[in-house]
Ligand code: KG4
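Let's start with one chain on its own, the form predicted alone, as structure tokens.
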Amino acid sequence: MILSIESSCDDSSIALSNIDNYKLLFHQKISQDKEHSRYGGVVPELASRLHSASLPRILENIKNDGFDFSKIKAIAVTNEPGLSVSLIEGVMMAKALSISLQIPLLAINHLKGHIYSLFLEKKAIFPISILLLSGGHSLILEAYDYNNIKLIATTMDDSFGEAFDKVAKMLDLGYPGGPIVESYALNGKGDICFPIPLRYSNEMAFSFSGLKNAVRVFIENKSLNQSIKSEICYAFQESAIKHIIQKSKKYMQYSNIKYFGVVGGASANKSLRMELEKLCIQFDKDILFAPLEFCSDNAAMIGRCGIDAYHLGEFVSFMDLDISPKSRF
């Protein structure tokens, strides 16, 4: 087995995966949404303290479930990118387990883990195009194998998920903003319009700060009832999704890669998924989605990524395992 640890932001998660058949044997995640919601976003120091309590609790549950720790052949842990104070909690636990069990370490890039959320309990497919949308990233990637991943497009400012969180905060809807804005948008009728970012730009990039600012200007000095909030959420979501679709379409016009994977916590948006399915039909692409349960940060995807890293011998020494807030793709 591989034991995997994820603590890049505000979700504490540990999983056990079978190296030979990719089967997920154990997975548990403890979310911190409730603790951070009062602040309208993740507070790094609070996240770190909660990880230090939650990770040992999950490990104790593994022990109580009767798993044989002698069958664990490696520890896979997220070490980049993410919040430094959160990453360090998972890495220190991984190092402690490595010493006590006398087994090697695997350093896993969190974004690469999201790619592998498409391949839980099955063999990976390459080459594949990836649209990764989360609270911290908006990316188009081309993955040719475990170590050959090419960055095609990224955001110039805010990410897709971050924009949803900030709009929700402006409207005093709560945190996390993605599912809340999506639920409010269901009652919108399209009476409001916001601009589509980079609509007339040929640049392969994403941008959400202008759209976010358009929402801020619109609500300034306005009395907001439930109906108006729903219209704002509908208009914001529509513009944000159209932006993603337009840039994805631009990419597909020159890409010959057959498979198009959609991953990341913000990719759970149902309207987005419907539009991406239509786009892939138009360009004859086979679309793959991460299961909704494993869209957001989780150790199962880190473990699945760790299996391929294990077979490739991508081990790191105790001293070389360090954290990096930014991705070293």
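Everything quoted here is computed from the prediction, not taken from an experiment. Each residue number is its position in the shown sequence, starting from 1.
Below, we refer to the form predicted together with this ligand, which is not included among the displayed structures.
Would you point out which of 211-219, 144-152, 92-100, 171-179 contains residues with a non-hydrogen atom within 4.5 Å of this ligand in the predicted bound form?
Heavy atoms within 4.5 Å of this ligand in the predicted bound form occur in 171-179.
Candidate from 280, 58, 288, 268 lying within 4.5 Å of this ligand in the predicted bound form - any heavy atom:
Going through each option in turn, the one that passes is 268.
With the partner left out of view, is residue 261 within 4.5 angstroms of this ligand in the predicted bound form by any non-hydrogen atom?
Result no; residue 261 lies far from this ligand in the predicted bound form.
Verify the contact flag for residue 134: yes if a non-hydrogen atom of it lies within 4.5 Å of a non-hydrogen atom of this ligand in the predicted bound form, no if not.
Looking in the predicted bound form, residue contacts with this ligand include residue 134, since a heavy atom lies within 4.5 Å.
Residue 276 near this ligand in the predicted bound form, any heavy atom under 4.5 Å?
Contact with this ligand, no.
Non-hydrogen atom contact residue 197 with this ligand in the predicted bound form at 4.5 angstroms:
The answer is no: residue 197 has no heavy atom within 4.5 Å of this ligand.
Given a 4.5 Å distance limit between heavy atoms, list every residue of 156-170 close to this ligand in the predicted bound form, or none if there are none.
Read in sequence order, the residues that approach this ligand (within 4.5 Å, in the predicted bound form) are 160, 161, 162, 164, 165.
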